[in-house]
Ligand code: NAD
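A single chain comes next, written as structure tokens; it is the form predicted alone.
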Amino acid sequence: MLELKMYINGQWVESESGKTFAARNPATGEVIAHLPEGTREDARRAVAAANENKHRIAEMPVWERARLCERIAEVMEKRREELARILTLDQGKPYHTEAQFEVRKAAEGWRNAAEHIKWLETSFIPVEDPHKRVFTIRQPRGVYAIITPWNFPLNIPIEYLAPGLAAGNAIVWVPAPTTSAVAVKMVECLEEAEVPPGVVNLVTGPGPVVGDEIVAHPGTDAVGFTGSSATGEHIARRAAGKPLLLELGGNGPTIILEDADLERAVQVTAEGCFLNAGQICCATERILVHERVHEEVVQLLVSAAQKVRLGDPFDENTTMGPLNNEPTAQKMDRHLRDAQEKGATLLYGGRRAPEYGSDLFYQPTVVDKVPRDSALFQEESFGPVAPVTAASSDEELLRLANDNPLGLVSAVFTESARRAFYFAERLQTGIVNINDSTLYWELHLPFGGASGKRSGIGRLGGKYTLLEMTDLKTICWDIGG
């Protein structure tokens, strides 16, 4: 049992109300920690601390900021086993594969930001006036309000925190309540790496209270958020006028054509459905198959689902842990029920599996003949499900893929370069992966949704996040006649 605190102005503090909430292991239901239930006043104190100390990071030379990010990576690597353990306890993902991998990638994220900030060049602009010299510089925006989800409670925060600090911003961070314990442990790493007091502030508690406060507060200059489309849209309204970096929901359409390497296509597509129990914004959530290979693809998907091993997340044989929380499990229940009522066929799984330790374990599921008007087709399920829909032509497959309000990542499997380009240029998603799953991404690549969809604003990844989290200032200098 851990008794944890928030981090405001370089101090570990309780909530001003004295209230706490419990962090529970989703695999067992057991309480693993108690955390402060932050209030609006706590959030205001954090914003005030960030404003009071933002000069410490903004005035720090770029190379020194890069070294700071490197030190954080070193501390995280030193504490990797502790971080992976609390990550598994807090989130539920398998320790030996997914949790340890996430810690490694999180440390890599700090190193990535350290390198990219050193080479973030700007321009010297030719102008008509011979007496003027015009150039641009990048400056920090000021104080960032950051709100992060529970599915990757180390990696996703670092997609904002690392470039945010590297760019010279102060930060007020509100993590998801169901994974706030591991957030505290990560901030311990920042403190150990000697991030100046007040530059990063952690407030734990309910999003509608502390998250809303930092988003709308006049003392925060910009907002970063990863989460659902509905919450992102609410945040955009509350933060009206502030720069926004929003990575929102996805519905991962994956197109498998009849000329594809089917075994390879289904193998990586199944990973896209079941990794992290499907709780990934770029998860494979719709599998659109050419009717000529429909039966073979469905059989291969069922076989892949049968190989998934539910169980204790600390067991080396476990390949999938529980869902993180009850609302996500309820959404799976609702989506599967709705699809079947509208004519879909359940081929494998389809129910909770409490025999593995808690009611949050969910069977890997394969559903065929999913209708386009079902919630399973139109919404983000965020669970371990492989929904299949067949079509007879490239044009129909494209229409089905784009018939959705979300547009984050898509995938296409084909051996034809012509068909690959046909889909890549017409799919309404921010990323299109050819012959790989919707999960493929590396930390330096631009990641975000397509315009006209509900999948966000801006781009995460490498220099692209640095561009989002800085102001471009133009300086015009009259050098005289």
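Sequential numbering from 1, following the sequence displayed. No experiment lies behind these values; they were computed from the predicted model shown.
This protein has a second form, the form predicted together with the named molecule, left out of what is shown; the following refers to that one.
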Check your understanding: Given that the named molecule is left out here, which of G350, G207, G311, P140 has a heavy atom within 4.5 Å of it in the predicted complex?
Key -> G207
Review point. Tell me, which of F274, Y95, Y356, W150 has a heavy atom within 4.5 angstroms of the named molecule in the predicted complex?
Key: W150
Check your understanding: Even though the named molecule is not shown here, does E247 get within 4.5 Å of it in the predicted complex, heavy atoms only?
Key -> yes
**Study point:** Proximity of V268 to the named molecule in the predicted complex, heavy atoms at 4.5 Å
**Key:** no
Point to revise | Close approach of V184 to the named molecule in the predicted complex, 4.5 Å, heavy atom | key: no
Point to revise | Contact flag, S228 vs the named molecule in the predicted complex, heavy atom cut 4.5 Å | key: yes
Exercise for review: Would you point out which of 189 to 197, 374 to 382, 79 to 87, 291 to 299 contains residues with a non-hydrogen atom within 4.5 Å of the named molecule in the predicted complex?
Suggested key: 374 to 382
Check your understanding: Judged by heavy atom distances of 4.5 Å or less, which residues of 153 to 189 approach the named molecule in the predicted complex?
Key -> I156, V174, P175, A176, P177
